[in-house]
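Next up: a single chain in structure tokens, the form predicted on its own.
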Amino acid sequence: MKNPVKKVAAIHDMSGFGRSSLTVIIPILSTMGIQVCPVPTSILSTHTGGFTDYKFIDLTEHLEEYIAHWKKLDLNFNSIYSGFLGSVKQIDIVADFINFFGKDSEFVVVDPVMGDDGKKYATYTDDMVKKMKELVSHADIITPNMTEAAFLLNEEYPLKMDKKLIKNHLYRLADMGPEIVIITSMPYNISAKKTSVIAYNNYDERFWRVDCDYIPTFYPGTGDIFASVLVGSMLQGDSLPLALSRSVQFTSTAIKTTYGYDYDNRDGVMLERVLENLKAPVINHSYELF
């Protein structure tokens, strides 16, 4: 019997406080009509962005039994979407998961969550970076920010990039295996008041760019929000440029909605105030060929 609701296997951590990872992925995809099947890699009392002394519960030793049960049930998923991973072993487990369940999925998304602003996250090691390079070869789509793209390519973090260098980075990342490469937080624009998301589709060899207003603040979890809307949009049948546009617009709206309040940034964006926007008709398209 065919399930009329599409399913995503979401391999991520879960933080009890602070909107990020599974606590934003589940409501976003559910609002978009997608069933989320979580594979929790760790549980934290809070996310790591700005908090100290948080409780971290590593679930690595339980993951293989957890996944083995799914294998016995012969489950299938329309998409697999992985994000923050806490150890080399977890990366190996996710690669095995993709090899087993990915053959029947429409696409596999790997968000290689490793760092930001030119620096690795405190929990990330050089060995994990090496393993992440292997994991992206199993993906159809990857969504690194500019820092993570630099790590994958063994490059220094650039403060600014020209069009030729951006395309070179995208080509080289596609050569690692994924068909679609999307780089977020791209330092490319003639205006300091804008930031860009730029994508390359190796299938039709086209580049796409979506700009949004730069807001001088930081909220944890916005990368998870962007990638979640992208997954949901493409499962709804949107083209790559339209999915990019929807993802950027929704993430930007969430940030702008939150920015106007006197508010602790560590709590993440006010997702609850903007979730219903995902049900609105798609009218404005902000993408362009790059």
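Just count from 1 along the sequence shown to find any residue number. Owing to the predicted nature of the structure, the values given are computational and were not obtained by experimental measurement.
The protein also exists as the form predicted together with a small molecule; that form is not presented, and the subsequent description refers to it.
Original post:
Pick from 218-226, 261-269, 66-74, 32-40: which stretch has a heavy atom within 4.5 Å of the small molecule in the predicted bound form?
Top reply: Partner-contacting stretch among the options: 218-226.
Subject >> Non-hydrogen atom within 4.5 Å of the small molecule in the predicted bound form for each of Ser21, Val113 and Tyr121 >> reply: All three within 4.5 Å in the predicted bound form.
Original post:
Only one of Leu235, Leu44, Ile255, Val248 has a non-hydrogen atom within 4.5 angstroms of the small molecule in the predicted bound form; which is it?
Top reply: When the small molecule is considered in the predicted bound form, the option within 4.5 Å is Leu44.
Original post:
Does Thr48 make contact with the small molecule in the predicted bound form, using a 4.5 Å heavy atom cut-off?
Top reply: Looking in the predicted bound form, residue contacts with the small molecule include Thr48, since a heavy atom lies within 4.5 Å.
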